[in-house]
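As structure tokens, one chain now follows by itself in the form predicted on its own.
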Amino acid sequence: MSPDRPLKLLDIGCGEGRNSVFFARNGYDVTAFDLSKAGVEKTRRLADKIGVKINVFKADVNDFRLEEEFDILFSTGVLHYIPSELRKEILENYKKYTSPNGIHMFSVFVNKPFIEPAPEKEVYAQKWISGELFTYYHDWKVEFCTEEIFDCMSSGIPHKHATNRILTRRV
């Protein structure tokens, strides 16, 4: 749904920019970052092709800290690169720079002992513990939370992933 006023949205780990462009096309004021220079360039090209403005830059999710307020923070398939010892600090920074009544929409990969590891060997990935993401939002209103297992073909080899998804609102 398009916002009734310009809402500032941060896409954390924008990849090739599909979500960022979707949000910008629907009236959001989008800022996005990704670790990959190629991803940032693809996001720029896609935004130019579609005719939307996105402030996109290269940054590492582990090093980047917010210094300005956003209405919405969005991330899917990226926060598992945050080591467990940095998660509290990073999420507290995100919460601090979220406007009143602002929201976080996050999806994280979680460890399930009955699911085989994905064929991609991601050296820096650290899956979350089931329910861990929700513990950081005890002081926010949880609008939606779920745990899902889904089939994936990202490497051309069928496999499964488990995720926690959360939509929280600062109150």
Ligand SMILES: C[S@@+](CC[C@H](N)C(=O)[O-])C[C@H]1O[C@@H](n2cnc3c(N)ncnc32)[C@H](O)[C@@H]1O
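Computed from a prediction, not measured in an experiment: that's the story for all the values here. Position 1 is the first residue in the sequence shown; the rest follow in order.
There is another form of the same protein, the form predicted in complex with this ligand; it is not shown, and what comes next is about it.
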| item | value |
| --- | --- |
| Touches this ligand in the predicted bound form: Trp140 (any heavy atom, 4.5 Å) | no |
| 4.5 Å heavy atom contact, Thr135 to this ligand in the predicted bound form | no |
| Thr163 within 4.5 Å of this ligand in the predicted bound form, heavy atoms | no |
| Contact flag, Ile90 vs this ligand in the predicted bound form, heavy atom cut 4.5 Å | no |
| In the predicted bound form, the residue from Phe33, Phe70, Trp128, Tyr28 that sits within 4.5 Å of this ligand by heavy atoms | Phe33 |
| Listed residue (Glu120, Asp60, Glu41, Asp48) with a non-hydrogen atom within 4.5 angstroms of this ligand in the predicted bound form | Asp60 |
| Among 98 to 106, 111 to 119, 33 to 41, 48 to 56, the region lying within 4.5 Å of this ligand in the predicted bound form by heavy atom distance | 33 to 41 |
| Residues within stretch 11 to 35 having a non-hydrogen atom within 4.5 Å of this ligand in the predicted bound form | Gly13, Cys14, Gly15, Arg18, Asn19, Phe33, Asp34, Leu35 |
